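This text opens with one protein chain seen in two forms, each one given by itself as structure tokens under the names structure 1 and structure 2.
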Structure 1
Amino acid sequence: MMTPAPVALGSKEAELRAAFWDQVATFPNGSKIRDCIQCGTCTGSCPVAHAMDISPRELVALFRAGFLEDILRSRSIWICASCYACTVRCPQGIRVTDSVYALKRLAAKKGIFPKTFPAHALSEAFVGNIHSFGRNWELWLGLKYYLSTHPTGLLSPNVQKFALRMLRRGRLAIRPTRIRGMKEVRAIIKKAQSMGGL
């Protein structure tokens, strides 16, 4: 159960909020999040709302109440399917999906993640693969994810059977391959990082 909204924002919340507005400024009309009427259309449109611990509508309500750190510690922002259904259907024209991405970037920048849902580790491993090879290398992605979250998971018979099936079917490369144009890919990643993304 949530505690009542604070009368004044604490210094950490104020710092997080300022950083969030910096992220929101990276896309057009980001400040429209202030216009939310709490109609619930975003949540009703979301195909993965059932798996979220905080619904899209509640994200805005908690933000207004001064609980940004609670939002960053939730798994909701990492579950977002990026389908943009919430954004398309919002009667106020709020770019909900882009706001969720702003929250993800803020969580990554501040190192605030859900304790029992390490989706950020998968995201970081994926971006690392793209930076190194220009494409995903699934074997390294899986290894990095398990090594950074729960190394003993690599010993699971189910994980090992799955990996062997993928290898037999040629879906899991032992060695990575780099794409041509790595210089251009790295330039794109660098630009995205300079704009507050990735």
Structure 2
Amino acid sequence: MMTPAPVALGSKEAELRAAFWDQVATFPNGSKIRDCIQCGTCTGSCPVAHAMDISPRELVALFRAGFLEDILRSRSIWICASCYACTVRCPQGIRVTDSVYALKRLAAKKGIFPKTFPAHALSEAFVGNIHSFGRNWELWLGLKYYLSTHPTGLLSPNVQKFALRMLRRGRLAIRPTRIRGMKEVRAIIKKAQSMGGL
């Protein structure tokens, strides 16, 4: 599956790496990832490492070996639930969770996975809600997510039972709350995008 590391990086890998360094420059100590000693504390602390195809420690090892594109294609970065266990335990002070966010943004920006990739599709649906209403509307989030990934999921008794249960208890809004300041929200989004988004 994986080819040996080339002596010189391919142009695509080089471009992705440059974009990655730009991303990690946006938080303090972002470049500390260079100080990784491969101790595995991150992987040992990660509650979802068992479900990853590349463990957190291996992400750094593969990055060093020139396989950033493989990392961006992995499901690992989207399995990360941002619990920060690795970040607070890393003996080298590496901002692991923030680095994974940087990888997610890079993968999203480069469009390096199918549109129906679950965690990414959920993020897209979530962002879409903010663009439409300024707030998250949970019912619409669920509908949009299932429609864009696996529409048959909506027919699942588990999903329907969950929705009904919340509705009965008044814990699912049937209408969105649209904020009054949508003009401000749109102006912020437009401006941030014009500034490159980093």
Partner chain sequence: MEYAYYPGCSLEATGRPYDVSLRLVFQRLGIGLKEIEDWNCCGATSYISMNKLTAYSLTARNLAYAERMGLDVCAPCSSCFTILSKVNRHMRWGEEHKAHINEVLAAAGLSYSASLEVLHPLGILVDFYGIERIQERVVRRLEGLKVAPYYGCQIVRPQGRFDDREDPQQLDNLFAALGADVVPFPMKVRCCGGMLMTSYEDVALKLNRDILTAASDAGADVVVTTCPLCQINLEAYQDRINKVYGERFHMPVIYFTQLLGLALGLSREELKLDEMVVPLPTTDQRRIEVHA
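Nothing here was measured: the structure is a model prediction, and the numbers come from that model. We call the rigid core whatever largest set of C-alpha positions still superposes within 1.5 Å between the two forms. Numbers follow structure 1, counted from its first residue as 1.
Here the chain appears twice, and structure 2 is the form predicted together with its partner chain. Taking 2 Å as the criterion, residue 16 does not count as shifted between the two structures: its C-alpha moves by less than this amount when the rigid core is aligned. Relative to the superposed rigid core, the position of the CA of residue 170 differs between the two structures by 2 Å or more. The Cα shift for residue 134 between the two structures, taken after rigid core superposition, is 2 angstroms or larger. When the core is overlaid, the C-alpha of residue 179 ends up 3.7 Å from its other position between the two structures.
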